[in-house]
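In the structure tokens that follow, the same protein chain appears in two forms, which are kept apart as structure 1 and structure 2.
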Structure 1
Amino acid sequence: MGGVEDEEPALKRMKLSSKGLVGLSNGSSSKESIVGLSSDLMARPLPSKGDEQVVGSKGVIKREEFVRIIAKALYSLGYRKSGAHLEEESGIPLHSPGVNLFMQQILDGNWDDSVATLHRIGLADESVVRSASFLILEQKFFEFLNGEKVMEALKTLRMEIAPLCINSSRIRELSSFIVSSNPQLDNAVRLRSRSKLLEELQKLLPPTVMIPEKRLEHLVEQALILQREACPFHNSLDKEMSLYLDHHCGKDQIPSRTLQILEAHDDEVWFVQFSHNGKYLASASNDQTAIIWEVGTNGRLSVKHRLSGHQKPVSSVSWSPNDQELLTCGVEESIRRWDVSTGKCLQIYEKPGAGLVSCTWFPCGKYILCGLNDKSICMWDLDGKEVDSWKGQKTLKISDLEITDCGEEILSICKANTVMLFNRETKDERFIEECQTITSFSLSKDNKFLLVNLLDQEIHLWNIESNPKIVGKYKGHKRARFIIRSCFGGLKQAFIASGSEDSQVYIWHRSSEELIEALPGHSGAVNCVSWNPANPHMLASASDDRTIRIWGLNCLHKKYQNVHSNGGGIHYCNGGT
């Protein structure tokens, strides 16, 4: 094609058409593909056989492999005609004729021929040929035994299986099967079906020879899982991953909008906590009461019971493991146990001469643990009888108290900058030492991590599995004078939330330590936050402004979600439970 300049457009067209041809021609086997195409696109012989024939924009997918796994997927979905048609149309056979013959021989039980075909398929690795032969001959052996042809089975074992010289322990087993006492029963169990045998052989042979089952499904699942793992704000329970779009949770999955303001306390609210089943919220206040709120089916909370009786401010609450009872702690006073459904006070726990400062339930629900202002920790049964106590510098006047789910380790702040993990049984003590005063801590659901709030406005995440070490630090919130609490939350506890003295609720992404949200709304310091364990889209915050705010998803950002309105007032939506 000399004299190029004038003919450039034509050249370009020719280049395009030859690209189109690459996909059509495929070596020897296509018989009919070219009929019906216009003459300028008539195939010329392929430029060179060494060219990779690829599909996809990145050029990493080989056409032949792609078509073969699609054909395999069609067959396993049951679309045999489509599968056969694809093989024909593309000219790319799923299996070579030798492999097809081999598969048929296996299914027909044509053992000796199948072993012969196996040798002719052209496998490079001798040991694979031997292992595959072993499997086939084993099947022959078991089918003989099952048909009570003991001598034939023995002959197969001696003449064909043992000479392979592999897997002598299996040969041992096979010999013992011949002699075993109850042949009928044992063999029925041992004999696998021929299609199962084919599956086993498929796993043994290299994937280029026999495509593994469900390969296409596996690749797609891999992609979906990677998308999910790469999703930074993944916080959706039921969201089905679709193949149509890449999965990507945005910040719209994090609660960021006040859905409800709960005004029922007469003074600062110091503590909130959702029950384990997420159906209730308990709040504790400087007004000497605690309130149990019920989470309605529409996601709105309402007062269930107001728990009065303490003569001192209530500093914290603790839900029983089955959520049927609640402990409330009056500051340096007593602990009261309440029934959640009736709101009645079941028991008051006091210790003469000392004030109780913290409380928590035992995982079995039969005992309670309390911290006292004389720095000791006490264990009581539900009737108030003291069962055990640990004296000495075990806890401080202001300290959280937690126990691991197995009931083994008790955690409390024993010194200004140290959290002690005390093993009840072995009496071992482990310590987490910080360089700053610790104000509060929170244990993760899997008991492997501890979130520690420090005086200097940092929150540290410790891994407490063997030797405690810091694995995360979160900053941005404000703390100057008061106790501020933080918590784990969201799907798989992937987020950290905290209160702050600047009246905002702070939310960080746990693994990347990135600050995701600082939510304004309260008009006083936010003392405590609690993330609903059953609903990753619901967060509660307690503030000095005497209110509790319930935070949920900001539906305006969601394009595909229906918004329910409630006739004026606050619009809310439920995030799809």
Structure 2
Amino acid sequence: MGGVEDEEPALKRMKLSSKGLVGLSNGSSSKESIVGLSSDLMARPLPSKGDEQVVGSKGVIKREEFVRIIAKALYSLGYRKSGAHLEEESGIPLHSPGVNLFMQQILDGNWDDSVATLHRIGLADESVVRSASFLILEQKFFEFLNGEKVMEALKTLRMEIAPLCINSSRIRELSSFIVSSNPQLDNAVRLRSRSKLLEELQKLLPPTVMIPEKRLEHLVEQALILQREACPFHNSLDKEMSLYLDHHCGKDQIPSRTLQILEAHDDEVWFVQFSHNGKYLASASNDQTAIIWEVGTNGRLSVKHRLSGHQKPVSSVSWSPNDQELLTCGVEESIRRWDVSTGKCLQIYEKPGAGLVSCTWFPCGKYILCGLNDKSICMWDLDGKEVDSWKGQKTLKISDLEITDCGEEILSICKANTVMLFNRETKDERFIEECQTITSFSLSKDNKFLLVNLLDQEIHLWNIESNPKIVGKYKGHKRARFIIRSCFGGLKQAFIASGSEDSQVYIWHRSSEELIEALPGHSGAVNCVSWNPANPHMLASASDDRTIRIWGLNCLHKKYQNVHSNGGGIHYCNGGT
């Protein structure tokens, strides 16, 4: 309600007593009355232009609720005159006269009167009345105690609070305050304000009686979030959402343009993975090498180190939790640990009579896990000492290996169609069973979901929080002979990306399962994809054509602030600065 300028609002304001406190939730000072409180305890309606009970084209918004929530927002924003004018012109008071009186009594410290008024407001739930009474009388107790009126405080506790017969543990705690000389307890009591009590009462009383704080803001935020989540292409931290228009992003938010082709490998590239901070990319190849690529401040990648030493093709890599070291796994050979800054091999992990097929880091960074071709899983410290092992049908010759962030559950393909979730502390086992052969899997960043690639050209999304269940299926990519890997990615991991034997990269919207893009460019099977966790506009794909493609936005004007960039610069979607 604008245009009121400096004149006083039509409603007269009652004065708070000298006991009123500063910092009311509506922003008014302690010497002003509760918002919406007029001299006759009721806003006076002006002649109405209509008797419509609802507003909006759908007929679902009740006019009275709508006006009250707007008035509440105006007062919360500090527009007290506008709020008062809205109450008067609409004839719809923010609060009833009884509620206004109740709030005023709370701020004035008229505890007995406020409890009496509370009973007259007309609350249907007696338990709410008793709980609210408890809070009010507790405040009365504390103020007596702070005023060193110990006997009055004790009387309030025994004669008024205890008979309510609720929260006996809190009553015992209040009793301890009387006999305690702990200064910390005294400070806790002194810091409690009446305005804080009003906020607590507001949460307790029905919203029809006292509208929750920031209710309008909550409704608007909820609407924006729902629009954002329904948008199949939302993938930008910089995207401004406006109240003026419904939110909708275009495909220009999805990395779909080849920005760079990396050609340093001499044979098929089987695996790629960005570091956790997004500064590096590691690739593994059939040429028996791995390469660490550095993401420059201009968004372009360059070779940092070529890692040589394996005697067989390198099947996978794994970044340490702090991104300072890298594991590389040879095909049924050994695992090597490298220093990312120098490119030096720090340790070789081998086990006589067995080949290593998979690897991952413990979350603490002090141990590594390895899958062996004898179907066991082994745990080593960084110096190569075996700390623990789990034998039996724990893994297959070709298997991914993951461990949850808490370090409790180990995930591995234990049978052709089964992923095992093994608790290393309790030895409990949970299983994800598919009807088809599982070729690979990927764990979400929050450890709540598992992406499972199948032989029949489907990718299944499993919720693994308690009893595992399928919550999504993705189709369209091609897989006939090779291991094809997929990944989570984009802003809040809202997308699924996968390689494919038809030389394309496929991208789906995670929640809707809609296929968004099929990206051509490679001339051989795409074996693996990795989405930069620090830049939702950067995607990497590894192919049998011996190249790695870096994908970005198909536009020149949009930019993304890479907070992890080495130079703290701004990355444009086309890789420029």
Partner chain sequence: MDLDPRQYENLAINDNDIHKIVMSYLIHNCYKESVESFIACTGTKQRVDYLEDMDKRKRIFHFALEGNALKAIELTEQLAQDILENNKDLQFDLLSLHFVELVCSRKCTEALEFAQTKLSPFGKEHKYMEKLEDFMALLAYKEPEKSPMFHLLSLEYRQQVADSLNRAILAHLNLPSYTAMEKLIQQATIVRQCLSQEAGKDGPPPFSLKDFLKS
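Just so we're on the same page, rigid core means the largest C-alpha set that superposes within 1.5 Å between forms. It should be emphasised that the depicted structure is a prediction, and the values quoted were computed from it without experimental measurement. FYI, numbering is relative to structure 1, first residue = 1.
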#### Entry: Matching structure (the form predicted together with the partner chain), either 1 or 2
1
### Query
Core aligned, does the CA of D246 move at least 2 Å between the two structures?
yes
### Core-aligned CA displacement of I136 at least 2 Å between the two structures
yes
### Task
Give the rotation angle, in whole degrees, of the smaller rigid part relative to the larger one between the two structures, based on C-alpha superpositions.
18
### Query
How much does the C-alpha of P206 move between the two structures, in Å, when the core is lined up?
10.6
### Angstrom displacement of the CA atom of Y75 between the two structures, core fixed
7.8
